[in-house]
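Included below are structure tokens for two forms of one protein chain, each presented in isolation as structure 1 and structure 2.
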Structure 1
Amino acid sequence: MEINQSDNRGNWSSKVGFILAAAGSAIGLGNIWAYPSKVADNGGAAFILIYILCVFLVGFPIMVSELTIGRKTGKNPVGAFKAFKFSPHFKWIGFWGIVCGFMILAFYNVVAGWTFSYVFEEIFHYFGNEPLKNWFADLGNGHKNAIFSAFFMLLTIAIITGGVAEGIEKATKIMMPMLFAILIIMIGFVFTREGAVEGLVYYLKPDFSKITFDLFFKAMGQAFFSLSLGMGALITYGSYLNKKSNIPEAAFYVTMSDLAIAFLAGLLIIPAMFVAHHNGVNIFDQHGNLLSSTSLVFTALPDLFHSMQPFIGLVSGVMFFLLLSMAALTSTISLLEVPVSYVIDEFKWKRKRAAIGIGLAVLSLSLVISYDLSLIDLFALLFNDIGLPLGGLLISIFLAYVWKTNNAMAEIRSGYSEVDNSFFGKLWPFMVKYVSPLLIGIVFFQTIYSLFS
């Protein structure tokens, strides 16, 4: 089958550029906001264990699948499934992904707005201006949420309008190593405080009795979200890859850096919670489980910054929330790029018009969420925890049973000629055919079943 990549869509300027951009898409609020709260909510280390299983048995194989489909077809998710010409109905897989991405971006924006408003919370804390500090710290302030999510969306639109290589790559290059560095420094600091070691034990010592189907469901959803899978973001990013790139290697780097940042974020935030506990803050519910909620990052960390020497606390706090905002920005970019590339390819819109039109449509939804935060949980359940694994299941079934793994392997061979003799090449076809779809299927249908029974 011959599929021609359309020419003027842009390409990554370098291998490193691609890995950075894909890692930028992966690393974001999922790692630093969602992951530690889920760890805290779900029995600490038990969650990590299942999470790591989900990442390697399901996430990584599907990441390779998405990138391979993207590079083969050179298209957006909808166009990609059409380009194979098996049946026009497969385009609905891509379409479902676009819907999920749209809805996820709508709430992601609001949370991203919180991270940015905490830059100001830190500044006004330093200057002792309590009223302003409290205004910026208030997650429930609808007007403030609306302003900040609008700001975030406009920034995303501006970068998307700049095009592939320049916009996305430039934004990512500097910020990732800095985020890594500040996490390490803060971890160093938190372990000088009383109570941190207790947090470390909670984080790393698994309690196997906590492992349930529900835990699997949450870990699976988290793996898809954190690695940016299941909605075709990486089909889109793969479509900008050239034929010389080594797909499994790139996917491996992205997966490992995403996992590393999440792991470090947990290593910072869970001990920070226990330090707060040591200082008299109640962090347990009546069953002895860690109290957590979407606000964990926005309470445990400022507490920590405020306990430092004031000026150092200011610098650390501002740096941290700025970097987190930038990490969120490289993720919102990838979320918006998917529907944008769809209307560019399929309806021949200009990039600028596409970015503005779709960006503003998402923003209008973000504004609604700004005033009703309970929608975040609802959207996360429907479009993330259920929507993304469903998308991933369909993608892996398509690849394994419609396109067939040996055809996918032929595509991977371009850029990785020794793939057939590699550990990856021996294992991956088996994973996408059996292990990943089966695991998603079991977790998925068990959950649907328990939701409705």
Structure 2
Amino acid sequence: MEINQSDNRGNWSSKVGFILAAAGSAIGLGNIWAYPSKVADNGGAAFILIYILCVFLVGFPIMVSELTIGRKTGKNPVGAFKAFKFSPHFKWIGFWGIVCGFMILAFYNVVAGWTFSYVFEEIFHYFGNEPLKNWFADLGNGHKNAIFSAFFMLLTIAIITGGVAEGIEKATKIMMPMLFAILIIMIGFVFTREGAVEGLVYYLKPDFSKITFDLFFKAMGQAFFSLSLGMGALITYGSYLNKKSNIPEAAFYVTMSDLAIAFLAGLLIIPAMFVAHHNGVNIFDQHGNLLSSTSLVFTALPDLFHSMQPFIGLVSGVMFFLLLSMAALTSTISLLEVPVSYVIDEFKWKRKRAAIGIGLAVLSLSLVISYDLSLIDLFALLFNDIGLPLGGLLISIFLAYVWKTNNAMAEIRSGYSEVDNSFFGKLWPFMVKYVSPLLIGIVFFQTIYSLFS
């Protein structure tokens, strides 16, 4: 099946550029904010092992599927499914992904704004200006939320208007190395503080008694959210790949980058929590359970930075929240690029017009959420917890049973001629036909069942 591709959509300028951009899409607040808390609450290294298993049993095969569909068609998620011409109804798989990405971006943008506002919380704490410090630290302050949501979205729009190579790729080539560097520096610093070793043991010591079906569902959900699966982001990024690109190799590097950042984030956050505990900061609730991710990141860790020698605390706090901000920005870029690519392909809008128009539409919803934070939980449930697994399930079923794995392998072969004799070539078709959809289906229906039980 030959599919015409547009020559004017843009392409990645290098293999490294694509890997960093796709890794940036995958690496976000899910790795640095949510992952460490889930590890700490669910058996330490036992959760890590289950998470890695979920990433390679489900995440990696679906990532390859999305990239392959994207490169084959050279289209956005809706255009990709239309391009196969099997049935006009398949376009709704792509459209569902775009809707999920749009709605996730709307609330994610508010949370991203929180991370950047805390840079100023740390600065004004250092200078002893309590009113301004408290203003920036107030997560429920609708005016503040709206201002920082607008800032974050305008920055995201500015990068997207630059295009694929000059905008997305150039930005992530700068931010991703900085993100790794800040993580390593902060890990080194935290391990000089008392209490860090206790946190390291808590992180790496497995508690196998906590391995349950519920833990498996949590690990699967974390893998989906972390790897940006099911929303068409990787179909879009795959559409900018050239035919010489080795898709399995690229997907492997992206997956390993995501795992590395998640592991390093745990190596930073959990020991830092115990350093905070050693310094008298409460990190447990009244029942002895670890505080929620939001409380840890925006309450316990700032208290830790405030307990340090003032200048060291300032530098540590600013670096940490800049780290979170950069991680968030690499994800907001990919989330906005999905609907922007859709409007460019399907309605022939110029990139600048599409980025500004879609970006402002997202921002309008973010402003509503800024004043009603209860919408975050609702949107996260509908479009993240339910929407992404559903999207991933539909994508895997389409590739395996409609387009067929042998046709997908032919597309992969154009950039990896030895794929048929490789371990990947022998295993991936089986995984994407049987294992991945079965596991995703179990998680999806368990999530639905839990809502009514």
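We call the rigid core the largest set of C-alpha positions that still match within 1.5 Å between the two forms. Just so it is clear, the structure is predicted and the values come from calculations on it, not from any experiment. The first residue in the sequence of structure 1 is number 1, and each one after it adds one.
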query	finding
Chain form predicted together with ligand TRP: structure number out of two	1
Residue shift check between structure 1 and structure 2, rigid core fit, residue 199 Cα at least 2 Å	yes
Yes/no, residue 36 Cα shift of 2 Å or more between structure 1 and structure 2 with rigid core fixed	yes
Per-residue C-alpha change between structure 1 and structure 2, residue 212, threshold 2 Å, rigid core fit	yes
Core-fitted comparison between structure 1 and structure 2 - CA shift at residue 285, Å	4.1
Core-aligned Cα shift of residue 295 between structure 1 and structure 2, given in Å	3.2
